[in-house]
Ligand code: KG4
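One chain comes next, on its own, written out as structure tokens in the form predicted on its own.
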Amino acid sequence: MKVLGVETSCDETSVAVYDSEKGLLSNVVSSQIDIHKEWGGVFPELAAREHTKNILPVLDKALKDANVSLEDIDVIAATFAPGLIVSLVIGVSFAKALSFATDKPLVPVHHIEAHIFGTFIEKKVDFPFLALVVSGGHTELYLIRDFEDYTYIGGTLDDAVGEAYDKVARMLDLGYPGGPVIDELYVPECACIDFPTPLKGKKEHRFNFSFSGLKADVLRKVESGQFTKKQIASSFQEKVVDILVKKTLDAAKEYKVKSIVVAGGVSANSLLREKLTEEAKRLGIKAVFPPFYLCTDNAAMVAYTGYLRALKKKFVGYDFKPLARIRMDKFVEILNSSSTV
């Protein structure tokens, strides 16, 4: 089975081809980072305009790299949720048009499940496992018992971790995106500020996250003028990683899993990779991180997840709409209650 994946949930325009027998044949990503740097974050209208401009050339290159034609494709898959609605609409409309023009079935994919299962392109993980999703728009913990069998454990009550990185980088005038630049600036010896731990001691939020208070405390330290950028950035990163690792391992012990899959853009963070791998190993738990090319948004993960859904014959009609906000488990509920074609 050959699946064409389309990803336009935020500011990357991507198309990929996955072959169930040969593996990933192509994965073309057109990034908009340089365009959005001026704004210090993604500007939705600009993102939608760039998707419209880039989607056809990206498709052409993906097909050429895979050495296939549209006639060779068996299934069209696209990210339907969540994301910037103006961006999602471009990819979903494009996928629907391709499906209609080629008479190929259409499969909807949730962006977060694509991040999680995209890891399977290179590394298979036994069920059940815990998934830690860390990105610019999400910080969530899920228990994954099987494909489409997801239990939401907890998530952020305010800012996502990637969003907090971007905002702290802006405070320090470090540029955009914030995650890579703060990670590069990190020096353990410079992590001299003892930032408070949000939600500490609140049992009802044992598996939830909060970064707005930490972000506000960073601003106070910046305005005090008592610390260098490297000291603030290093201390911030150390506290964030400490929070993510402790809560994730606490959940892993609670749900008795042997594997943790980390997904999303922040899964590329070097300190998170080091600390979680090390601490999980002590507990006899395996921490699985995607290769770097699968950390940020891409269509390879969409094509592969679309393949898994196509095996279940979960095809939808052209009336199935994109959604800007919806949890992964709720998306599956909607899909299961919708009439498939």
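Residue positions are given as counts along the sequence shown, with the first one as 1. All values derive from a computational prediction rather than experimental measurement.
Below: the form predicted together with the ligand, not depicted.
Among P108, G91, G162, P198, the residue placing a heavy atom within 4.5 Å of the ligand in the model of the complex is G162. Contact annotation: of the candidates A114, V266, A78, L132, the single residue with a non-hydrogen atom within 4.5 angstroms of the ligand in the model of the complex is V266. Taking non-hydrogen atoms only, P180 approaches the ligand to within 4.5 angstroms in the model of the complex. C295 belongs to the set of residues with a heavy atom inside 4.5 Å of the ligand in the model of the complex.
In the model of the complex, D166 approaches the ligand with a heavy atom inside 4.5 Å. Residues within 4.5 angstroms of the ligand in the model of the complex, judged by any non-hydrogen atom, belong to 266-274 and to none of the other stretches in 149-157, 246-254, 266-274, 216-224.
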